[in-house]
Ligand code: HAM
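One chain follows as structure tokens, the form predicted on its own.
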């Protein structure tokens, strides 16, 4: 699950312009005399130890939450056949692909995980027992215009349920999303999940302004997905552009915007057929969300449509309540994706939860935990003569499952003790000439500020 965005911008530092004609030659290697750029390519990140500790903590919560909901982790190649992403016509994501031709194969770095999951399901569809619950934590790539929390590479937690047609699946996924938000320390109300149904919108439009042109529903969704970004006036211009893909009249565009203004199911019902199956599904979903205790955190918003063409039913997006950031997460139902890619029909629903925006929100709220190095013991030899004994102690501790740093070289004891204390190390094992001669090792407990001796050979 992910969001499509604007066309590719020029970036002379890119290795090869993503979205260029397949087969274009890659940039030549820099001459030896050129100065090496020490920054990562624009839109990407290095992860030094402190950032890596934060990343591992966040991903650990993703994995723990998924496990608590009975989901199993899967993965797929970062490089896929480009056709897996380009077959979904009319999406801006196609223009944001990092893609290339190698040995006559047109390949692309994955911009999102859902098509790869669909490919995996189709490959073993006949042998699978549905429903299946899968989750992933993957790195994805899109060459798009960057804003706060938007990068060209990002990591994303996906949770997907395949083979369950009822909105019970949506309710379970939304509960998982709030479970991780709670685990991150975000108070209820800090994040709202706006929810709508593309099926309800499609029902209403195809009996109204799109009755004679149902095929323009997908491009219409791409346009109205920009409502929050460019405003109603600009959306109206795009909907009414005679050269555009939708081509509504001014009156028709006004009718569409009136539908998108609905902020309750009762308001939405004014535009729906009396026997609307989509509206009935939404009422059932909110009853389930009430049972989960999160209905008040999931306001209905008819303007939420999501830009990707494969969505078919309920769609939702999570935003910080202050509205200062882009979407934290988003997803919905995509019952026809497997069929679109050549498989048998199978209902599916899922969400994608990115690492970049939630990281910005945790920073704003002061919720990143203090994460020290995960070392339990440090072993220190006063001279090279004690190194073999220190190695033996470190080896024994590691074999027992302890996380041990062996002090290397000729580091000063004062610095070793200071670094150990800052890192939250539990014990420092000290071996000097006297200890080696007596066959013992001195153990300093940093928390209790006490010392004792143990035999060198445990």
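Note that the structure is predicted; figures quoted are calculated from it, not measured. Residue numbers count along the first chain shown, from 1.
One more form of this protein exists, namely the form predicted together with histidyl-adenosine monophosphate; it is left out here, but the text below deals with it.
One stretch from 284 to 292, 67 to 75, 148 to 156, 265 to 273 that, in the predicted complex, holds residues within 4.5 Å of histidyl-adenosine monophosphate by heavy atom: Heavy-atom contact with the partner occurs in 148 to 156.
Going by a heavy atom distance of 4.5 Å, is residue 210 a contact of histidyl-adenosine monophosphate in the predicted complex? Answer no; every heavy atom of residue 210 is more than 4.5 Å from histidyl-adenosine monophosphate in the predicted complex.
Considering non-hydrogen atoms and a 4.5 Å limit, does histidyl-adenosine monophosphate approach residue 99 in the predicted complex? The answer is no: residue 99 has no heavy atom within 4.5 Å of histidyl-adenosine monophosphate.
Tell me, yes or no, whether residue 114 is in contact with histidyl-adenosine monophosphate in the predicted complex, where a contact means a heavy atom of each within 4.5 Å. Flag for residue 114 set to yes.
Contact test in the predicted complex: residue 256 vs histidyl-adenosine monophosphate, heavy atoms, 4.5 Å: Residue-level check for residue 256: no, no contact with histidyl-adenosine monophosphate.
Name the single residue among 380, 85, 135, 311 that comes within 4.5 Å of histidyl-adenosine monophosphate in the predicted complex, judging by heavy atoms. By the 4.5 Å criterion, the partner-contacting residue is 311.
Taking 4.5 Å between heavy atoms as the contact cutoff, choose which of 328, 279, 246, 171 touches histidyl-adenosine monophosphate in the predicted complex. For this set of options, the contacting one is 328.
Within 4.5 Å of histidyl-adenosine monophosphate in the predicted complex, which residues of 368 to 385 have a heavy atom? Give them in sequence order, or say none. Residues within 4.5 Å: none in this stretch.
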